[in-house]
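Only one chain is given next, in structure tokens, and it is the form predicted on its own.
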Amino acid sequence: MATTEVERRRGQLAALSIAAVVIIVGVPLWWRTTETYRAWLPVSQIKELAKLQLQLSADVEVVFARGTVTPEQQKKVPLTQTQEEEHAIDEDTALRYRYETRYRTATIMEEDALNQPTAAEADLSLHTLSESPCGSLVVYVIPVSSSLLPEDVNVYIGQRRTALLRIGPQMRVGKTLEQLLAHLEPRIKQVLQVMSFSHTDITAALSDRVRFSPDNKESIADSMRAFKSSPGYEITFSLLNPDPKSHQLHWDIEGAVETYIQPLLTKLSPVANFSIDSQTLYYAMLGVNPRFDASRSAYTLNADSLAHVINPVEARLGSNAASSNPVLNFLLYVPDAHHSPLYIQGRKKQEVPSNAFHSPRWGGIMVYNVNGFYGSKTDFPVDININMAKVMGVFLAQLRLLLGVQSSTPPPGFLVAPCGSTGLADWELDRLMWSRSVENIATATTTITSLAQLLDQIGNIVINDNIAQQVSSAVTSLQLAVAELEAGNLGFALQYSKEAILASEKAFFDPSLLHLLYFPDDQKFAIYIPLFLPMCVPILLSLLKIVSEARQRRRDRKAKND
């Protein structure tokens, strides 16, 4: 009897010990080792960035030349005015434009520069005196008697960040400087709309974040034509020779790129990095049969068939699998002898002067006719040297459109100087940088906000320290970009916005965030129940038996006492 009691006590102590070890040691150890690691994220700062409040600040300097202000007004010229505009895009996005205008009179050297024979020479002379910082403008107010501008031109916009504004007789009606400035204000605002950011361009840059209104069709078309902002672009020039037996084509693509394309890409280096390659494709057909026009003795491609040209050709272009950057394709197609000459017709059945077309966010195609090299007794194949100046002129215009360089129609009375050998004016670069900075900020904030919401909804996704570091870096870069935009430092704002979009996308597309790598709760129960149930059932039954015996002893003791 004593031995049985000792064995029973020993069994009870063993069951209690096993249960205590499982509860005190096993359960915490299992919980700790199977816990999902989630590094800290700056959620509060991300929520602040979700409500995007952007302020764009531009510095404008208005310089009065001799003969535009009276001696009495010259004494009051050194002053500064600040104007602000606010636009509520939606409940989470608001824009504020701040223009800080400084007024002064021209120096002696600037007066000498304004005495040049032409406006272009004056623009170059003023540029050599002082170079305006990125994102700023200088407007020189010249008298009505100045011969720099033609009679029907009141504003000249040069290749740099300088504009010449002719003051009219009606602008000097006011007796005070304040009244004169009130006359100049609408003209200066027009100059800003052309040379700096405009509300239409900035709203279009927010397309990833804000839905366009149906009445804003022009902005929709412009934004959908250009490629989205990217840290880098791949540019591919392809020569399509469908019939090598008819002609042997020679094109100096390397020299043409160096002469015509590289100056533009060098100037665009603050916006993105570019890489260029070229190729020649033989027996490459357009995939669309052109129609023969007997009245012109030529073949034609109408506007409706152009959409079917790209797909068959694109299959042969190849792609750079080692790069995730967008690819801009520029194709030069030389028709074979049996379908030459070949002309492209527009919507109104009129011949396109450039004999080329471009596809939004893809590239451009130019048809280069060589039927003039064929004669009645021509020996095939014919050696043909392609006029690269003609070809690159078309490709350069298409490249500007695809990269987002807007060529808007200036207001009446404005004369815009040609962009020069670089293919891009300084103020056009600033205009693009404003749009790209806002677009990068909007895209990065959307990416980071979406990532934070995803991680908050799915609690079993591991957040590594590397992801947390990328998110924190993106948030910091976004805050700096917004601050630099507010301060008017366009170059720094663009750089920080590029860093923000790189860090945000790297964090969002990290492979460790794939939800398929983690089991949902029902699968976890299916795994853990067969593992723990056989172990827990004996322990639970032993504990229940111990509790039952303890209650029985208590009842027996109580009955004995009674």
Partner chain sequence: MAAYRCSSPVWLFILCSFSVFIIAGSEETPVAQEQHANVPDNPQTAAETAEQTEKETGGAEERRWEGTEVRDAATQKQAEPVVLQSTPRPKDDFQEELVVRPLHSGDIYASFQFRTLWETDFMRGNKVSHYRLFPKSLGQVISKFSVRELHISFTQGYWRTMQWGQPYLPSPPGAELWVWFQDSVTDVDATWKELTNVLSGIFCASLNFIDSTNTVQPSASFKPLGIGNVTDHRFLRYATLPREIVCTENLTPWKKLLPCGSKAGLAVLLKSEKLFHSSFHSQAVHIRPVCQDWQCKTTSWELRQTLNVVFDLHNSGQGKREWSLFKMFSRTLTEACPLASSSKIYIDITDNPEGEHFELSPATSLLSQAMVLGDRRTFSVYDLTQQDTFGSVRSLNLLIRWKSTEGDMLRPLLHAERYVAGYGLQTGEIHTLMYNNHPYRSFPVLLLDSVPWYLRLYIHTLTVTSKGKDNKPSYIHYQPSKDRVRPHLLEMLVQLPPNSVTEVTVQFERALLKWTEYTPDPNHGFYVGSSVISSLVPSTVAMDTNSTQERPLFSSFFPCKEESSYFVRVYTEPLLVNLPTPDFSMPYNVICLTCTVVAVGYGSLYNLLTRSFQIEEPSPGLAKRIANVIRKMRGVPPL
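C-alpha atoms forming the largest set that superposes within 1.5 Å between two forms make up the rigid core. Numbering follows the first chain given and starts at 1. Computed from a prediction, not measured in an experiment: that's the story for all the values here.
Another form exists, predicted together with its partner chain; not displayed. Remarks below refer to it.
Using heavy atoms and a 4.5 Å limit, would one call residue 28 a contact residue for its partner chain in the predicted bound form?
So residue 28 does not count as contacting its partner chain.
With a 4.5 Å heavy atom cut-off, would you call residue 24 a contact of its partner chain in the predicted bound form?
Residue-level check for residue 24: no, no contact with its partner chain.
Quick check on residue 354: any heavy atom within 4.5 Å of its partner chain in the predicted bound form?
Outside the cut-off, so no.
Does any part of residue 555 reach within 4.5 Å of its partner chain in the predicted bound form? Heavy atoms only, please.
Taking the distances in the predicted bound form, the answer for residue 555 is no, it never comes within 4.5 Å of its partner chain.
Where, among 282-290, 423-431, 459-467, 195-203, do residues come within 4.5 Å of its partner chain in the predicted bound form by heavy atom distance?
Result of the contact check: 282-290.
With its partner chain taken in the predicted bound form, which residues across 241-270 come within 4.5 angstroms through any non-hydrogen atom?
Residues within 4.5 Å: 244, 245, 250, 253, 254, 257.
If you line up the core, does residue 43 shift 2 angstroms or more at its C-alpha between the shown form and the other one?
No, the C-alpha position differs by under 2 Å between the shown form and the other one.
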